[in-house]
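Presented below, as structure tokens, is a lone chain in the form predicted alone.
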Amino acid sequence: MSEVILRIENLTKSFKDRKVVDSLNLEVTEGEVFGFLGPNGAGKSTTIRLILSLIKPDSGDVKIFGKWVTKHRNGSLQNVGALIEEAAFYKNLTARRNLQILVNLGGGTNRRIDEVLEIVRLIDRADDKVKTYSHGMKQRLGIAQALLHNPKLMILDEPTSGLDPHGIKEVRELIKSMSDDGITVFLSSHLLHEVEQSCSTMAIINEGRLVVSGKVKDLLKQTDLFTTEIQAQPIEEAVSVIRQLDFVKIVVVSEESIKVSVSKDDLPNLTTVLVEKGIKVSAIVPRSSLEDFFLSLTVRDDG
């Protein structure tokens, strides 16, 4: 059985009167690509800052490689690499020179510089100034920086934020290569399709609390909830009918369709009720992707 290398126990953090992280418990085992999901404001970034001891918890703690972060900050984090949002570099210096500065500050060796630039596929641009880099290249350079000291755990907070599809694909491939090299990856992202493709395990939080965690494939198999898209006319009447059904939860309403969370067993009942009420149903499309599972757990009824 794989070893638990990151353990979050009863972690709590408030800002003024708002509890951002609320008694959170999580475990990440060695070798996983762990997806950390939640809607905006769910507490993901605050949790990551607590893990990295950038802020202090009100209560609870984080254990990394067997050491509590609040008591052994340097010891617990020495095998951790992290990219928090966008990495900051000296834009008028080359990528190689930026990494040399970090090495001189104690973050690796000169030999390691070329190794990490090779890993992130920037070795051919190593002597170009960072100001000539695209956003995606800067993100990959940020990951190179985090890899300098050969971490065993990599924490990435929204590493594909602002990237075009090509840049997202490059970061996805980079995450896979890190996993193949034995690095455990803790990935926070709002791009659910990317998490579904990249992660073996996931946790979803909402309002600072854990909603669900487990293997991605197992969670999608175990749930009988589907976020189902309904195209019907008149849509206002369809919404009114659905709101009266206790076995359906409306997720999103648009001008053309309604998305609802409903179990597969109740889906035929939903169709029957709509037809009996004189609603013209042109399409009912059940889906079972990670995005739909996520919406069914975290989005509140529009009403």
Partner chain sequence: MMWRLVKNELIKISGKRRSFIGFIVIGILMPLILWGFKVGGSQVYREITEQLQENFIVVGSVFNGFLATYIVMNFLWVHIPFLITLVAGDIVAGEGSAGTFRIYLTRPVSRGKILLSKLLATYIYTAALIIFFAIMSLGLGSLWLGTGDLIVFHKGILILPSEIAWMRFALSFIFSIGVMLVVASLCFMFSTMVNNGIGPIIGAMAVIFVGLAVSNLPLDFFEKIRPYFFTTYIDIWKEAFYDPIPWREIGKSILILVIYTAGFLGVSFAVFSRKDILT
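All figures in this text were calculated on a predicted structure; none of them were measured in a lab. Positions refer to the first chain, counted from 1. Heads up, when I say rigid core I mean the largest set of C-alphas that superpose within 1.5 Å between the two forms.
The following text describes the form predicted in complex with its partner chain, which does not appear among the structures shown.
Stretch 44-52 is the answer when you ask which of 44-52, 259-267, 274-282, 59-67 has residues with heavy atoms within 4.5 Å of its partner chain in the model of the complex. Put simply, Q145 is close to its partner chain in the model of the complex: some heavy atom of it is within 4.5 Å. For E86, a non-hydrogen atom is located within 4.5 Å of its partner chain in the model of the complex, even though that partner is not displayed. The closest heavy atom approach of K131 to its partner chain in the model of the complex falls within 4.5 Å.
Shown alone here, V103 lies within 4.5 Å of its partner chain in the model of the complex, counting heavy atoms only. Of the residues Q197, Q231, Q78, S161, just one reaches its partner chain in the model of the complex with a heavy atom at 4.5 Å or closer; this is Q78. Of the listed positions (K215, R97, K176, R112), a single one reaches within 4.5 angstroms of its partner chain by any non-hydrogen atom in the model of the complex, namely R97. With the core held fixed between this form and the one not shown, L187 has its Cα displaced by under 2 Å. With the core held fixed, the Cα of T201 is displaced between this form and the one not shown by less than 2 Å. After superposition on the rigid core, the Cα atom of V211 is displaced by less than 2 Å between this form and the one not shown.
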